[in-house]
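As structure tokens, one chain now follows by itself in the form predicted alone.
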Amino acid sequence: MIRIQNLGKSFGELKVLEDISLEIEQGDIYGIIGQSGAGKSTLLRCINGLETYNEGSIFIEDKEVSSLNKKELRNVQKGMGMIFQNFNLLNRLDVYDNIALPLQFWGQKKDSEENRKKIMELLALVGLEDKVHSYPRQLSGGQKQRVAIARALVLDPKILLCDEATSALDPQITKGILALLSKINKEMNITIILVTHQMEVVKEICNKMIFIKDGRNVAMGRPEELFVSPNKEIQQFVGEHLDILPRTGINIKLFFNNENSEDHVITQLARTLGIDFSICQGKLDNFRGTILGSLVINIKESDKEKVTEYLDKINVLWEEL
């Protein structure tokens, strides 16, 4: 649905994006993750045509964004809903009129029977039927974001772009918004691109992701692969420090999936082999209902062969650090 090839973007002498390539299929929830200033939001703005780019290409359903005239670009943008961190609601308008704004922008009557029905259905979808005549100042942060989501959906987009959509919300409200986005993705078959610096957001709903650092792609793939067995850049991002591991002996990292995450691997290892070892680091994460994790143990150098043979025998993936 979206194909980006060797994308580069500069502001004067400052290179913000360099050689970014990725593909997003219809129905994906695609995460763009990285620290503040990494270039995530600029990439999103290039995708929807709000920013031009200096190198490479972006294809939206086989239409190259930079080659479109103004009318063609507007039609492509019409197929993209946008959700922002700060909601971007107009305080002088009630919930109904905020949701209706894109319709009016495209010359449609907000109170036509068809559009009124559509807006009320969207309010039901986001759980705010009783707030139809409330104003933004009367809403909580989570409710404001739900209104913003309804507004983004009012033109029946194929793609939903979320720019730090949960960054201003507390963890519990964030879970509710992510559940709503997941529902929209499944029930309406809308492709979602989600820019965030929140690791938990990507784990919760994204099926693919790209990790950007200093405008460059440093990791790309399924979140469960990248976070369970991270490269150095992701280790630094999530605060996983291997320099605190023991300097003596052998450090072995074990990887767990849905099949073996609840097995008693560690106690079985100790009992079966009759050895002592230290547990240095460990974590389990929930990736869209799939439990994955890792554990670092420190063993004696003399025990390495029998430990690794045993792990292979019981089908536990491992690597020596």
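Residue positions are given as counts along the sequence shown, with the first one as 1. Treat the numbers as computed from the prediction; the structure is a model and nothing was measured.
Quick note: we don't show the form predicted in complex with a small molecule, though the next part is all about it.
Remark: Ala38 counts among the residues lining the small molecule in the predicted bound form, judged by a heavy atom distance of 4.5 Å or less. Contact between Glu164 and the small molecule in the predicted bound form is found at the 4.5 Å heavy atom cutoff.
Contact annotation for Asn48: none of its heavy atoms lies within 4.5 Å of the small molecule in the predicted bound form. The small molecule is not shown here, and in the predicted bound form it never comes within 4.5 Å of any heavy atom of Ser294.
Comment: 39-47 is the region of 280-288, 39-47, 59-67, 265-273 lying near the small molecule in the predicted bound form, near meaning a non-hydrogen atom within 4.5 Å.
None of Ile299, Leu311, Ile24, Val16 but one reaches within 4.5 angstroms of the small molecule in the predicted bound form through a heavy atom, and that residue is Val16.
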